[in-house]
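Presented as structure tokens, the chain that follows is alone, the form predicted alone.
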């Protein structure tokens, strides 16, 4: 099975490298060619000249890009090279509507499409321990499962196309609440004058322990917000959540607050920082 990868950003590049180390990756393409060229050179891969050039040389195309418009643009560019056995797997986080539209376009050319967003952060991408939420035909998923296992510790079929993205929206809404709770609690502890590294260590071992505290607690206390999951990307994802909730006649107050907080961070020039940068808005003033 020949695999191609499109989108070599913070998540996509380590995912592609894991595929290459498993001898599954055949070709790569990225909008910024230098990133794809580096991966291709490291593993002796084909550096495709376009998405269609990549699709023409592989059986499975994996996507990991930033936004709905990017997914639809890539899918449109893939179409001339789609064949009856081509499977396109989208690991981006986009709306269910975009996934359904993409599936319709790919299926019209005889191929098939899975929406397969991931969770686990950059750490999970690097260690091949992502969790993948998949929407699409079970038979198609079964065919590409050996590829997805190279990237993940768990793969869950959520239902039809779009259901993977719906599950990811739940994940992103929950991540917003966790971010709010952890940053607010750590700011509270700092205001109390506690040794916050000790607080993080003891709390992480109890009922309030969680992935975000474990991975980001110490770094945010130290004022380090290097890119992991960017504020601007979570802001985009939460806007999708708000739109989905609105269509259901629901409101998501915590999501709304986080969207507003992220907008403030972005306006202050912190959009490319990790979402733990929310701590900037909560920590006690010097």
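Positions refer to the first chain, counted from 1. Since this is a predicted model, take the numbers as computed values, not measurements.
Beyond the structure shown, there is the form predicted together with a further copy of the same chain, which is absent from this document and is the topic of what follows.
Contact check for residue 143: every heavy atom lies farther than 4.5 Å from a further copy of the same chain in the predicted bound form. Heavy atoms of residue 177 reach within 4.5 Å of a further copy of the same chain in the predicted bound form, making it an interface residue. Interface membership of residue 182, defined by any non-hydrogen atom within 4.5 Å of a further copy of the same chain in the predicted bound form, is confirmed. Contact annotation: residue 77 falls outside 4.5 Å of a further copy of the same chain in the predicted bound form, judged by heavy atom distances. The partner is not drawn, yet in the predicted bound form one stretch among 251 to 259, 31 to 39, 44 to 52, 65 to 73 has residues with heavy atoms inside 4.5 Å of a further copy of the same chain: 251 to 259. Think of it this way: in the predicted bound form, a further copy of the same chain has a heavy atom of just one of 186, 81, 87, 147 within 4.5 Å, and the residue is 186.
Residues 173, 174, 175, 177, 178, 180, 181, 182, 184, 185, 186, 187, 188, 189, 191, 192, 194, 195, 198, 199, 201, 202, 203, 205, 206, 207, 208, 209, 210 of 172 to 210 are found to place at least one heavy atom within 4.5 Å of a further copy of the same chain in the predicted bound form.
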